[in-house]
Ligand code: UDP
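To begin, one chain is listed below as structure tokens, in the form predicted alone.
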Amino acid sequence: MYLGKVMVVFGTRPEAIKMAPVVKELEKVADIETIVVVTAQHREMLDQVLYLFDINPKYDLDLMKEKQDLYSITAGVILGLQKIIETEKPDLLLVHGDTSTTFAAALAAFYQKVPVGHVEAGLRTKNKYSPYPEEMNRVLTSRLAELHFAPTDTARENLLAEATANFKIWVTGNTVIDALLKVVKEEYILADSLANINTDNRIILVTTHRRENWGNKMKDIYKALLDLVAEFADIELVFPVHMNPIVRDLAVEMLGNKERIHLIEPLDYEPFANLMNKSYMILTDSGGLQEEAPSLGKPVLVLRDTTERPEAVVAGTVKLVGTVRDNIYREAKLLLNDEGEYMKMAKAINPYGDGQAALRIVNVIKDFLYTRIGSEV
């Protein structure tokens, strides 16, 4: 029985990583026609994930351009999807998380009365400017969605508190764990760009990119990194530097040409995941790494003042340390000096699932499409 057509829309590398397991699971269902649309909100960080997971988009909006802003991305997604949705007439449009692509695609679907499924629904900081614009992107997407795939019970409770109907919410785990477990290999050989790293030392993986950290907050983060390298002779800081020139220029200015600090180009997902597996701990303002690293037993210090992933804090897999120089230095030093504190975080149970989230999501989609067919007969 033909169940219908599912359109999957995403535009950035993190979205592609988390949606890849869902796409591959959908493709196993002969009765569902799966159409992938990429907006390429971030072109250079997207294509390698498509290649890694063998995903071939039917449509590519190719939106990325130099000095793009939120206005151009949002308008580009809505206008670009208008004709595609009109042509394909999907029975469900699937989006992920909290990017501008996510919100704009959900809105474009709503304008044509196409139901929306939201993967990784219900994350909240309850501060609309932190993270910006992600917090409002996901809140607004929730108001437009029919199917809410919450990664945890905490996310489900957030949705219920906003009057989302209980029967529209499913707790599935996070699909990033599905993706991670497929690419991490103990025997993996690190990329040539990491050849000059002394792997006998402890590797600290660093990422920064959040808009709310630009400026003085990011300077404080980098000062804390310099403090750590000065004190601990047995650490190597590895920093795949984000492509945004605001981040890149400051990183080069403050951290460039420093002993045991390795500023490298952004890595493809597979080498990055395996570098994470070989690291001692992670310092990041990323959202996704708060979910991934604990699956590999790696403590995460979150360089933000808020997090939409409080269950990780409660579980003890991550610690919210903010952006104040002394706080970052103190908390990282504790994990470097105190094996008991380190193991407490490394051995904590990851609350984000077992690697079967995509299968759970697709089973719900099958039931949804089947019910729609029945209601139309």
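In this text, all values refer to a predicted model and were calculated from it rather than measured experimentally. Throughout, we count residues from 1 along the sequence that is shown.
The same protein has a further form, the form predicted in complex with this ligand, not shown here; the description that follows concerns it.
Looking at H118, you'd find every heavy atom of it more than 4.5 angstroms from this ligand in the model of the complex. Proximity of S142 to this ligand in the model of the complex: non-hydrogen atoms within 4.5 Å are absent; the residue sits far from the partner. I17 belongs to the set of residues with a heavy atom inside 4.5 Å of this ligand in the model of the complex. At the 4.5 Å threshold, heavy atoms of I84 stay clear of this ligand in the model of the complex, well away from it.
Here is the short version: of R124, H209, K182, K217, the single residue with a heavy atom within 4.5 Å of this ligand in the model of the complex is H209.
Of the residues given (H242, R156, K223, K278), H242 alone sits with a heavy atom within 4.5 Å of this ligand in the model of the complex. Residues with any non-hydrogen atom within 4.5 angstroms of this ligand in the model of the complex fall in just one of 184-192, 267-275, 105-113, 163-171: 267-275. Contacts between 246-263 and this ligand, taken as any heavy atom within 4.5 Å in the model of the complex, involve no residue at all.
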